[in-house]
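One chain is shown next in structure tokens, namely the form predicted alone.
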Amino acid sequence: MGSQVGDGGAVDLDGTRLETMTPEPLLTRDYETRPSLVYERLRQRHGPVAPVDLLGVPAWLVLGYRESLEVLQNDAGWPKGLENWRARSEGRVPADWPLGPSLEVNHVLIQGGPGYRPLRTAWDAALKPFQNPRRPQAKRLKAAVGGYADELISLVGQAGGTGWADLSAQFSRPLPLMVASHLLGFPGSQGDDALMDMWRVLDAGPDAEPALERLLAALAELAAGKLEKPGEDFPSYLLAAHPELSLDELARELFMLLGMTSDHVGILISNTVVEVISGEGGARASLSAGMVRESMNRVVMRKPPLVNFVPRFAAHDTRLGNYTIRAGDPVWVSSAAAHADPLFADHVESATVSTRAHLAWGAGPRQCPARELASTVAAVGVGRLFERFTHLDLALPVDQLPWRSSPFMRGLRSLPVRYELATTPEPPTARVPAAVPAGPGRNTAQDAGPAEGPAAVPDTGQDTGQADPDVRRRSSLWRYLTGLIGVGR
């Protein structure tokens, strides 16, 4: 058996097998509060790849930037798909493993094998109308984001022109969920109950299981409606691009879009707001110059929302870092740890402008298909905040803000701020091309016509931020948000 002195001491090489090791748990109190210290301790002890315990299941965690790129860019050598997991095939993964339910839902983020490529191609086609700024769907989406943002900010302002608010609960979290409802084409504010259930699922509380059942049922009902009557929305475009999808399969894809959009974008908005308010890294100067996306780019370098990607598996015995990874071993790439790798971080710190070589959206052929969409939603949301509020201050020191960590994401539990609203009237909602309902036989992935109309799309029933006020007030989401007005004043 060979050995090698790594960053923090001698580590075994060829004779090491993951199932015979006793790795230290990753998801500890230290990880909850200071994950960077945990990553550094692992790096010092093991080098760029470390064995960890994920709630009772051993896995490899990739900490090095170079090694992360090697895994992410080589889909053949490090495929996704739980069918590649040797321990699972051998029955060594507990049936009640807490992470099991989130990984067993076989959607585009998890799926491997021959079914992935046509599914990913369909995702790219379905998202294209919303990510190409010249398309009318993208224009409507951007106007909807602005409308939702104004609606949420005005709700905060009902407590007074100056006051206290939790921008996470009252803005950053609900905004991307409302946008996701627009993308999914929920009629009116019907999606609000589903959005509340998505929150319950993400928070993993005692009511998460029944909430998940209700949410999947609502998404299956929505999918059935889109199959019968397509519209200018993501589910209809996905079905047009991949007609073989069953209703259950479509519901799983919609669940993934809703979950990832809401958590990822919400965290990105909150982190960007903190970065701008605290003035770290020149973020305030970037924003004053109108460079919201540059501020966001700095943020995802320092605090990426998605800290650990879903697992991949070694296709063959492969040397990575100081260890030989056996075929079928689970490998989790940590973007947060890779960004802190001195080989990468030292180069970034010496640069005069922020780099786009970060891994916040992944890398290689499975890079996030919705990265442009997510960036647009976050940029518009942050921009509207700093246009509508003339003053925003953190109500707690930066180092006392409460964080929540999971095996995948890391974001703020709350974002308490003191605010002062601008006294100027709210800007009118932009008018954008109206959607053209898709009829039988219509190619829903094509551009809609150039007709002028309001941001709302009554023909398809989509809610774009201009919902009937009475309907909105009756929704569970709006009742919840109304209950937060002025809390903590």
Ligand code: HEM
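The first residue of the sequence shown is number 1, and the count goes up from there. Because the structure is a prediction, the values reported are computed rather than measured.
Just so it is clear, the following notes concern the form predicted in complex with protoporphyrin IX containing FE (HEM), a form of the same protein that is not shown.
Out of the listed residues Ala379, Val108, Ala314, Ala240, Val108 is the one that sits within 4.5 Å of protoporphyrin IX containing FE (HEM) in the predicted bound form by at least one heavy atom. Screening Leu195, Ala338, Leu167, Leu268 for any heavy atom within 4.5 Å of protoporphyrin IX containing FE (HEM) in the predicted bound form leaves a single hit, Leu268. Segments offered: 321-329, 366-374, 132-140, 385-393. Contacting protoporphyrin IX containing FE (HEM) in the predicted bound form at heavy atom distances within 4.5 Å is 366-374. Using a 4.5 angstroms heavy atom cutoff to protoporphyrin IX containing FE (HEM) in the predicted bound form, none of Ala122, Phe186 and Leu247 count as contacting. At a distance threshold of 4.5 angstroms between non-hydrogen atoms, Gly115 is out of contact with protoporphyrin IX containing FE (HEM) in the predicted bound form. Within 4.5 Å of some heavy atom of protoporphyrin IX containing FE (HEM) in the predicted bound form lies at least one heavy atom of His264. In the predicted bound form, protoporphyrin IX containing FE (HEM) sits within 4.5 Å of a heavy atom belonging to Val310.
Protoporphyrin IX containing FE (HEM) in the predicted bound form is not approached by Arg88, whose heavy atoms all lie more than 4.5 angstroms from it. Using a 4.5 Å cut-off on any heavy atom, the one residue of 80-97 that reaches protoporphyrin IX containing FE (HEM) in the predicted bound form is Lys80.
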